[in-house]
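For reference, the chain that follows is the form predicted alone, supplied as C-alpha cells.
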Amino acid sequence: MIETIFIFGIVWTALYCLIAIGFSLLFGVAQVLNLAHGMIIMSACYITFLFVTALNWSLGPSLIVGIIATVCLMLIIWLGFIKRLLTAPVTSLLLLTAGLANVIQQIVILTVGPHTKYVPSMITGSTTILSVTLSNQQILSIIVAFVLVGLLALFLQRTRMGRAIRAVTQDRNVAALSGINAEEMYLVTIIIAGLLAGVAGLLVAPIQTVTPEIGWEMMVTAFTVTILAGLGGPIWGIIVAAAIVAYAELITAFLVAPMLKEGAAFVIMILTLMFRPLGLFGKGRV
C-alpha cells in the first residue's frame, strides 16, 4: 500500500502542478481569479475526444487542435470578458468567471451529452516500478508535466520576457515606469496559461474518465493548490502544495473511503483559509 500511495502520489503531483500553475500564474500577474480555468481544461478533453471519434482524426493532430482550441478559448475569455472588468471589484470577476464556467459546461452537455467519455491513451503498455504497475500513459504524464514546469521556471528566470512578467507581478506601476507594457505581459501570461491548461487536460483525459463535472473537480484542485502555496506564490511552492493535496487525497482514498477523496481537498482549503490565509509560502513571487 505504501508503495502504491508513493508512486501514484508522484503521478497526481505532476498533474496537479500542471492544473494549478496556469491559474496561479494568471493571478500573480493580473490579479485575476479565473474560476473558468477548470472548464477550460475540460474543454481540451472534449475537443480531443470529438476530433478522434466524430471526425476520425488520428490522435496526434487531435491533441494539437485541443491545445490550440484551449489557448483560443482563454484568449476569448480574456479579451471578451475579463479585460473589461480588470478595474472592477474582485467579486465581479469571480461572478463573471463562475458564470462563464457554467456556460461552457452547459455547451458541452448540449453538444456532446452528459455521459462519460473515454479519450484514448497516447501510448500503450505498462511498466512496473517498486512492484506498482503504472501505465506508460501515466509515466508520460509525469515526464511531460515536470518538463513543462521546469521550462516555465527557466523562462521566468532566464528570459527577458519572463523577467518582465515577474516585474509586473511584483509591482506593475514600477514595471510601467521601466518601460514594460503590462497589457502585453497579461496577454503572454494568458497564452502560457492556455497552453498549460490544454496540456493538463490532454494528460488527465486518458488516465480518468471525462464528464462535464470534471471541470469543477479540476477547478477545486487548482484553487486548493494555489491557496495552499500562496496566491501568486513561487513555482516551487506550487509543486510542494500539489504534493500535499495529491498525497492527502490518496491517503484518504486508501485509508478512509474512495468517495471521500475529493473531500480532502476541501478540508485542506478550509484549514488553509482559516489558519494560514496567505498560504504556506506567503504571497510569494513567481
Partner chain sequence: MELLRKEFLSILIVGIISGGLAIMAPASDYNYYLIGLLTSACLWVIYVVCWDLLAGYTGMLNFGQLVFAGVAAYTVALLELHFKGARPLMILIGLLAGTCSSLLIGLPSLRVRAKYFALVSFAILLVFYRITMTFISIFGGDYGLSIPRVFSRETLYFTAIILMAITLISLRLVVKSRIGMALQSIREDEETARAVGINIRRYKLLACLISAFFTSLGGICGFYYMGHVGPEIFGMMGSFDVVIMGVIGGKGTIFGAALGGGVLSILLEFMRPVAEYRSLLYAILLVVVVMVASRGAWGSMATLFRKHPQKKEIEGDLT
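Residue numbers count along the first chain shown, from 1. In this text, the rigid core denotes the largest set of C-alpha atoms whose superposition between the two forms falls within 1.5 Å. Note that the coordinates shown come from a computational prediction; the quantities given were computed from them, not determined experimentally.
Omitted from view is the form predicted in complex with the partner chain, to which the following refers.
Checked against the partner chain in the model of the complex, the candidates Ile107, Ala176, Met161, Val147 yield a single residue with a heavy atom inside 4.5 Å, and that residue is Ile107. Taking Leu85, Leu154, Val188, Cys72 one by one, only a single residue has any non-hydrogen atom within 4.5 Å of the partner chain in the model of the complex, and it is Leu85. Within 4.5 Å of any heavy atom of the partner chain in the model of the complex lies no heavy atom of Leu195. Remark: Asn102 counts among the residues lining the partner chain in the model of the complex, judged by a heavy atom distance of 4.5 Å or less. A residue is said to contact a partner when one of its heavy atoms sits within 4.5 Å of a partner heavy atom; Leu260 meets this definition for the partner chain in the model of the complex. Looking at Leu96, you'd find a heavy atom of it within 4.5 angstroms of the partner chain in the model of the complex. If you check the partner chain in the model of the complex, you find no heavy atom from any of Ile68, Trp236 and Phe281 within 4.5 Å. Residues within 4.5 angstroms of the partner chain in the model of the complex, judged by any non-hydrogen atom, belong to 25 to 33 and to none of the other stretches in 60 to 68, 25 to 33, 237 to 245, 40 to 48.
Residues Gly80, Phe81, Arg84, Leu85, Pro89, Val90, Thr91, Ser92, Leu94, Leu95 of 70 to 95 are found to place at least one heavy atom within 4.5 Å of the partner chain in the model of the complex.
After superposing the rigid core, the Cα of Val256 is displaced by 2 Å or more between the shown form and the other one.
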